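Next up is one chain by itself, shown in structure tokens, the form predicted on its own.
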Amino acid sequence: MAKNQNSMKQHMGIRTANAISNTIIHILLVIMSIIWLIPFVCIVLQSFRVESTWQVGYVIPQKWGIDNYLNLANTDFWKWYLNTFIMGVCVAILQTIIVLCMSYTLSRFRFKMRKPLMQFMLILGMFPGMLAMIILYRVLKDLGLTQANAVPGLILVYVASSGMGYYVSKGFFDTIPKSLDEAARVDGATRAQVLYKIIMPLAKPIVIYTILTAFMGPWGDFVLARYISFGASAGMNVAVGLNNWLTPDQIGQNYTMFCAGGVIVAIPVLILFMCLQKYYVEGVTGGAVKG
């Protein structure tokens, strides 16, 4: 009887300790979420402020309206937005095809120099892309793909090294049994048919993960886009264009429009992640099982 009472006390003590630790963790997460969301809330509130266009010392607008959103039509914002959307869609399609084909090849085929190739791409990917920015600009300039024509040039750069991003996708393909490939090959399917008709439906999470990451690259890029498209509004993306509104001579007239533009830029990404969050998480966790 005494043993049962002691075990019950121990069990209740463990439950109490777990409840306290979970409560502390949830409180910390709530605090971190509030801190993380404060800048975004401030930007949204400032985008609806119409009593003035410059920076002020308060957050909640004194006068509300959608003038800042309407005034974006009188600027090059929608041109920048279209440029960014075109780059995002093109890179998402091309990069996804290249990454998935490369990942499937490295996962299923065994050929000479396979491991050295994977190691070489892994090591090469450790070097920051900024090291090649000068030569990239010179090459694109010689091809006439800078400044006003920067959109196709940036797409070319974003897609060029896509194959080196095979790590997560290959790990996911490694979790799919090779017996499915062998059974399909016995039935007369080609390698391409095995990939697109059998493997791809099973790899839906990693496909969506690859599309999202490929789309996010050009959508939020600033450094390379500014370096390639400087001085020509027609070739800028939204990040570069909106940053020009923060210069000392323009911030006074365009600060609230900058906030409105930032909100519009965030909406597509927010919708994509809310709708595809499940597949995104499955793709990340599934690709991390094997290397």
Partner chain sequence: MKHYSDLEYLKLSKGKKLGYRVASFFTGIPKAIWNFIKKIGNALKGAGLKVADEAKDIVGTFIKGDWKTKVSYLIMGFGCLARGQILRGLLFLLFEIVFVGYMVLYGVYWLRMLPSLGTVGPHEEYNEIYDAYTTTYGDNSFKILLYGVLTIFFIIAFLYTWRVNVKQNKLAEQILRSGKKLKSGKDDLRSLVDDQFHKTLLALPLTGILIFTVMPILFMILVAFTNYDGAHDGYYSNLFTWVGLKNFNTLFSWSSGGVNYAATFGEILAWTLMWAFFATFTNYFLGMIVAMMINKKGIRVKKLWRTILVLTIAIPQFISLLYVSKMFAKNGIVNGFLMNMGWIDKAIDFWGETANHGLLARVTVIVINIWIGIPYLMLIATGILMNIPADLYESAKIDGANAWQQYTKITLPYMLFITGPYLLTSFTGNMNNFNVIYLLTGGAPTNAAASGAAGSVGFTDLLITWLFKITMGPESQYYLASVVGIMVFVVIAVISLIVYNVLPSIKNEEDFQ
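Numbering follows the first chain given and starts at 1. Every value quoted in this text rests on a predicted model; they were computed, and no experiment measured them. Each form is matched to the other, and the largest set of C-alpha atoms that superpose within 1.5 Å is called the rigid core.
Below, we turn to the form predicted in complex with the partner chain, even though it does not appear here.
- Only one of 184, 156, 199, 208 lies close to the partner chain in the predicted complex, with a heavy atom inside 4.5 Å, and it is 156.
- This chain is drawn without the partner chain; in the predicted complex, the residue among 234, 70, 50, 38 with a heavy atom within 4.5 Å of it is 38.
- Although the partner is absent from this view, residue 61 stays clear of the partner chain in the predicted complex, with no non-hydrogen atom inside 4.5 angstroms.
- In the predicted complex, at least one heavy atom of residue 114 sits within 4.5 Å of the partner chain.
- Proximity of residue 223 to the partner chain in the predicted complex: non-hydrogen atoms within 4.5 Å are present.
- Shown alone here, residue 254 lies farther than 4.5 Å from the partner chain in the predicted complex, counting heavy atoms only.
- Taking the partner chain as positioned in the predicted complex, the residues of 227-245 that bring a heavy atom within 4.5 Å of it are, in sequence order, 227, 230, 238, 239, 242, 243.
- Superposition on the rigid core between this form and the one not shown places the CA atom of residue 60 less than 2 Å from its counterpart.
- With the core held fixed, the Cα of residue 20 is displaced between this form and the one not shown by 2 Å or more.
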